[in-house]
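Below you'll find only one chain, the form predicted alone, shown as structure tokens.
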Amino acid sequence: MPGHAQNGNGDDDMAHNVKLEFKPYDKPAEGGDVVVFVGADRKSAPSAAGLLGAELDETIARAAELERFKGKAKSVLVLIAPGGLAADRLIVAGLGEGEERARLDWTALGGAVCARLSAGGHAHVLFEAPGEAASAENAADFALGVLLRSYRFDRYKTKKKDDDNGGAPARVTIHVSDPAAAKRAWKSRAAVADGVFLARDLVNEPPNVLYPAAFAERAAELSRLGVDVEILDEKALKKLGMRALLGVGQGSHNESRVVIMRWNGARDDVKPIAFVGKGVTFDTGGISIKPAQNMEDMKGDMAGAACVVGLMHALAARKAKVNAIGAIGLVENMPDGRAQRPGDIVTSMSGQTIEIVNTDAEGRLVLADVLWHVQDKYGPAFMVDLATLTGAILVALGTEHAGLFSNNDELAERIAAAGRATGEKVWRMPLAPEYDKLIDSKFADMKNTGGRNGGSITAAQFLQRFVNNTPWAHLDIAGTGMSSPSSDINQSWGSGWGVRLLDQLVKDHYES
């Protein structure tokens, strides 16, 4: 089973890899790994030497010279524990100095350290930074990085190797000067970690297990946290007029669904904020079928919807003081005899007509109806949608940034700032009437693709036609939501990208 977060007191209600706990700053128990922090001078905090012995810094200095360890931020040095230290190994983590220290990402550092801890062992972290007071917030961020790094998805493996826990320790004790404050800080981060893990689980699931109805049932489990969940089946979707979304799924034997999740954590008179996710549980491309090579990756074409479910879990689990709506459109794009054809014209819920020129440009059709429904029924303060929408965004930005498109400068900058704070980075892309002309149709109000050039931009221009005047941002996560590069805090194919970003956005600006 995948790893999940704990509350910091040693108790949890979900499966997990790592048992995390916060204890007073004291000499660690015998055995296992001991982690200490050093600056660029490679000296530890005086309190660490007081606990581990006066020879600590001399031992680190000798090993650092041999290994050319400079104490840079996120660098890690592993030593066999010297004589007199009641531990198996000494792990030295660098914090850097000056500006590097000031910009240190404690979550990433936690992941980097976790990668070097003994698999299945017990690690003690002496959380004291040389030259400055220990911070409960930093300790909680460090713990978050440890937990995120420990995640694995192995539920379908019947034979497992001894190190199939991804190299994660079984237990990590973080020794801090104020354990109670660290536990309080950890509580909200544990909720976010569980949201990230839920999103990763959903993206990693095989498409024969996670088809639209099954995905909807997974989302319905949020009701246990107090989220109001409504599942719209095909009969309800036809009644609403979501013919653009239904057109995508009509070639599949698995019926389409839309799920509306509502978390009410603020006063009734406070406008909700809304998050919308593309949930194509498998995308063959339809009649415009994709090449066979790497088509198995298209099980991840629902990473936007996975993020929205993970985010709603995080907000509810930490009891965020906000009214939030999560809406996901769940379809399977298959090419049978009933499938949508290039040349078809569909009428969206908004009443606007769409010429289908490429059935592989399906995600925008799903989002069009869901965006319209959310802005029309709920009148949100803003909407953010997430979608693995275009290969073009990979060409433009690679896998380090998601593409950000928005009709509102304030919302766009707030998202960008949250991206900088969490490391889930975005880059703003243009919207302009000149691009809009590329999706004009000879036969309908618009066509569903504007061609190869500016493909991610014309996809966003398409979506903009379904938001009216609602402040809106579109995140194209094709490069970050699945098959993204390994990082300090993620080794999984499904990254859970966006949960931490949007939780930070809410926490910074929208909680009452």
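Given the structure is predicted, the values throughout are model-derived calculations rather than measurements. Residues carry their position along the shown sequence, with the first being 1.
The form predicted in complex with a small molecule is left out here; the points below concern that form.
Residue-level contacts in the model of the complex: of 392, 129, 421, 85, one residue has a heavy atom within 4.5 Å of the small molecule, and it is 392.
For the residues 255, 141, 360, 97, the 4.5 Å heavy atom test against the small molecule in the model of the complex is passed only by 360. The small molecule in the model of the complex is not approached by residue 108, whose heavy atoms all lie more than 4.5 angstroms from it. In the model of the complex, the small molecule stays beyond 4.5 Å of every heavy atom belonging to residue 385.
Not displayed here, the small molecule is approached by residue 449 to within 4.5 Å at the level of heavy atoms in the model of the complex. Residue 482 belongs to the set of residues with a heavy atom inside 4.5 Å of the small molecule in the model of the complex.
Contact with the small molecule in the model of the complex, defined as a heavy atom within 4.5 Å, is made by none of 202, 299 and 309. Judged by heavy atoms within 4.5 Å of the small molecule in the model of the complex, the contact stretch among the candidates 342-350, 429-437, 320-328, 290-298 is 290-298.
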